[in-house]
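To begin, one chain is listed below as C-alpha cells, in the form predicted on its own.
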Amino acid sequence: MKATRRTFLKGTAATAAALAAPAIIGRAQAADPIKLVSILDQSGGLDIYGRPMVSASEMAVAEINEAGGLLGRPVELTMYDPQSTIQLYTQYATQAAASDRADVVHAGITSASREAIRPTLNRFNVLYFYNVQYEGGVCDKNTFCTGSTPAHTVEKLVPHVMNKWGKKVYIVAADYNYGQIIADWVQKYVAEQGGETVATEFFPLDVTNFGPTIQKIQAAKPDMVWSALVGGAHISFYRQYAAAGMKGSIPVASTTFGLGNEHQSISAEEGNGMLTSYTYYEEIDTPRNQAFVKRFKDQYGGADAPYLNELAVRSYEGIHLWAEGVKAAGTLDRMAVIEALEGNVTYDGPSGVISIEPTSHHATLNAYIAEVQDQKFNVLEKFPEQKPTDTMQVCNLIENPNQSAFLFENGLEAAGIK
C-alpha cells in the first residue's frame, strides 16, 4: 500500500495510519529481519528518476536474500513514496527511524530531499546512504554518498569537449542548488583549461520556452553549449535547439542529459552527437554489466523496461556496498559498519569496482564519456576508480569525525573553493 499526500493532509491521526502502512517488499520468512528502508519518489514530478531506482533497489535486496541474507538473517525492504514532496521525506525519515527502527535508510533524489532526511537520521543515529549524482559537498560521518560528483564527471568531460570543440562555453542550467553549483564547477574547470565561459543562464524547472535563449546563443557564437538542464519540461530545450538548426553549428555537452531518459524521449536526429559523462551507462561492454542488464530487463518488462541510468545503478550498487560493509563488520552496529566501509570494502558491480573514500564518505567509481547515437550511448572513454576529489578538498572525516554539513550549499566560493 502506498501512502498518499491527501492522507497526510487529513491530520495527525490519518498521517500516523498512513505511515504505518508502507509498501513492504520481500517480507522475511524468518523472524527478526534486517530492516532496510527506501524513500524514493514513485510519483510526482521526480518519478521519472525515482521509479528505476526503486526497481534496482528491489533487485539488489532480492539478490542479497537469494544469497542467504546478511549475518544469517533476511533483509526486509520497506519502501515509501514521498510523491516528490519534501515534507513527506521528513515524515517518512522519522517513520523509518522512530517506528520502523530501520538498520539503514537508502533515500533521497534531490539535494533538498537529502537535506530533509540527513539531520533526521543523524538525530536517531540511523545509517544513511544517498545514492544519487549530485554537486558534492556533503561531509557527514553518518552519511555515505555513492553517487557521482563533479570530480567524477564534469572534470573529465570539460577537457574532452574543449579539445574537440573549442574553448568558449555557454552554460544553461536548472535554477536550483544543483544547477547553480554545477555551473560553478563547469566555469572553474573551463578556466583551468584556459577556456572562457561567455554566459550562464538559469531556468526554473517548469520553463519550456527556450527561444529567447537560443537567440542569445546564436548571437554569442560559443564553441559549445554546456547543459545542466533537469526534468521533463527542460527536454524542450533540445527539441527547440535542433529545430532552430543549431545542432550542426554549436554542439552540446551535458552531465544531466540522459538521467531522465531524455535520449529516448527526443528523436535520434535531435540527440545525435551530444557528449555526456556518467559513472554508468547501460551500454558498458563487460560480461558483468551485460548479465546485470539482462536480469533487470527480464524482471522489469523486457524491451519495455526503463533505460538503466546512473541513478538506478547507484541505488543497486549502494545497497550491495552497504551489504558488503555489514559482512565485513560482522554486525549491524552502526559505528562498526561505518568503520568497515572506511576500510577495504569493495563491491564489483555493473559499473565496475566501487568503494568508499574514507575521508569524505563518497564513492570511488569508474567514470565514462559517451556520445549519443540513435537514442543510445556509445561509450568512448573510461577513467578507472576516480576519487571524489571535489569534496575531499573540504572534508576530512578521519581527522574531524564530528563534521556534519552540506559545505557547498551556498556555492563554491563560500566553501573556500574559487
Partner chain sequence: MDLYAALALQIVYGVANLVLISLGLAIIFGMMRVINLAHGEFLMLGGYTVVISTNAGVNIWIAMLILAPLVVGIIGLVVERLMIRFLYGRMVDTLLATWGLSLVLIGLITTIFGAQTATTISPPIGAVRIGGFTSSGYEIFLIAVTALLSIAVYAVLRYTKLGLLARGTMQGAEIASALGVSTGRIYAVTFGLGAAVSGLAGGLLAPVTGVLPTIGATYIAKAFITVISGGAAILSGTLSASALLGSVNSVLSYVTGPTIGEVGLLVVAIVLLRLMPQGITSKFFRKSL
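Residue numbers count along the first chain shown, from 1. Worth saying up front: this structure is predicted, and the values here are computed from it rather than measured.
Keep in mind that the form predicted in complex with its partner chain is not shown, yet the notes after this line are about it.
For the three marked residues, I48, P204 and A233, a heavy atom of each sits within 4.5 Å of its partner chain in the model of the complex. In the model of the complex, its partner chain lies within 4.5 Å of some heavy atom of K216. By the criterion of a heavy atom within 4.5 Å, R239 is counted among the residues contacting its partner chain in the model of the complex. Heavy atoms of M246 reach within 4.5 Å of its partner chain in the model of the complex, making it an interface residue. Though the partner is left out of this view, T286 does not reach within 4.5 Å of its partner chain in the model of the complex, counting heavy atoms only.
The partner is absent here, but in the model of the complex a heavy atom of N261, alone among N142, T85, N261, Q91, sits within 4.5 Å of its partner chain.
Just one of A228, V126, I266, I338 comes within 4.5 Å of its partner chain in the model of the complex, counting any heavy atom, and that one is I266. Figure note: of the listed segments 318-326, 110-118, 196-204, 143-151, the one touching its partner chain in the model of the complex, with heavy atoms no more than 4.5 Å away, is 196-204.
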